[in-house]
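Shown below, as structure tokens, is a lone chain in the form predicted on its own; questions about how it binds or moves come after it.
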């Protein structure tokens, strides 16, 4: 049986794509219809008025009007106080407040909440998630993610990445994810799930997944949602269930180190919970949900605390409302 490095190398050859491989949009649309698939595009938002309009224009004009690849474009909003929803609706997106979806189950702030409720609200056999803050938006941010699912029925979950591990002249440019990925998630994956290190950008907000996979995954409501999904699907289906597509470049706002600390805290909570779930760690103490940081003003130092609990929503398939709506 091949070792981990051999399996990763094989997977990189067979399940890692470049968006240029899917240039023929007419063929992609033909294959989609032949497979009998429907595709929903979900953009989770919170105060994204500066970028949401351009995203809707690009996706609707290119992937609905010009090439009928996407069947619905929906914005799922956490409660924006700016003009995000107004702008999105004016350019033709379906807009929903997360709090109004499955109201009997309440509302919890967090991106994972939006992603979870989208499964109930949207109709597609494939759901493609795209973040709302992309400044260099292009149709490939959706089309090149759903393409492997259309052409390869065995693939279940496709992640985007933005750097290319290619030789340039006489130099090799390092490739990897963002700061939280390289400092936290990749070391953890290397220790506990080494095959998952093949995913170059595991925390990317752009990915496409089959409904039958999404509906069976629990959803942390906050920062740990992507990491948990990767671990859960890997444990049930192995590395071959995944693919990734190189989108070349993504331009977006950078988060502060303070905000990245909060993100890391939530991810680590979810990761340790997964270790317990799969019997990979025993006798872990109770996890504290109070994250402590410091800020300084002159010689005065103040501790700043924030409660971060990676509460989880159950698999959507367990909800009677969902089963009735989607005939599952």
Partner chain sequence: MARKTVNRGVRESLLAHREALRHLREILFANVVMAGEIPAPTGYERRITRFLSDRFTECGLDNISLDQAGNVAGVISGKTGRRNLLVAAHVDKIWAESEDHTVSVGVGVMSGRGLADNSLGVAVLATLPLILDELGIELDANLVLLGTTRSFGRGDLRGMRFFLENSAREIDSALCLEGIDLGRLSFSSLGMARGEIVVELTCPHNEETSNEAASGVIATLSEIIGAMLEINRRDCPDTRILIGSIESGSGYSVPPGRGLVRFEIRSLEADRVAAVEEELVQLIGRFSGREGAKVGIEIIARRSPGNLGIDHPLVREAAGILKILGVESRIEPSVSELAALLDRRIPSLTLGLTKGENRHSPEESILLDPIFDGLAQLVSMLEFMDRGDFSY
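Predicted, not measured: the structure shown is a model, and the values here were computed from it. Residue numbers count along the first chain shown, from 1.
Keep in mind that the form predicted in complex with its partner chain is not shown, yet the notes after this line are about it.
Segments offered: 294 to 302, 263 to 271, 279 to 287, 56 to 64. Contacting its partner chain in the predicted bound form at heavy atom distances within 4.5 Å is 56 to 64. The shortest heavy atom separation between residue 50 and its partner chain in the predicted bound form is within 4.5 Å. At a distance threshold of 4.5 angstroms between non-hydrogen atoms, residue 155 is out of contact with its partner chain in the predicted bound form. A residue is said to contact a partner when one of its heavy atoms sits within 4.5 Å of a partner heavy atom; residue 91 meets this definition for its partner chain in the predicted bound form. Contact annotation: residue 83 falls within 4.5 Å of its partner chain in the predicted bound form, judged by heavy atom distances. For the candidate set 200, 87, 180, 214, a heavy atom within 4.5 Å of its partner chain in the predicted bound form is found for exactly one residue, namely 87. Contact with its partner chain in the predicted bound form, defined as a heavy atom within 4.5 Å, holds for exactly one of 120, 108, 105, 135, namely 135.
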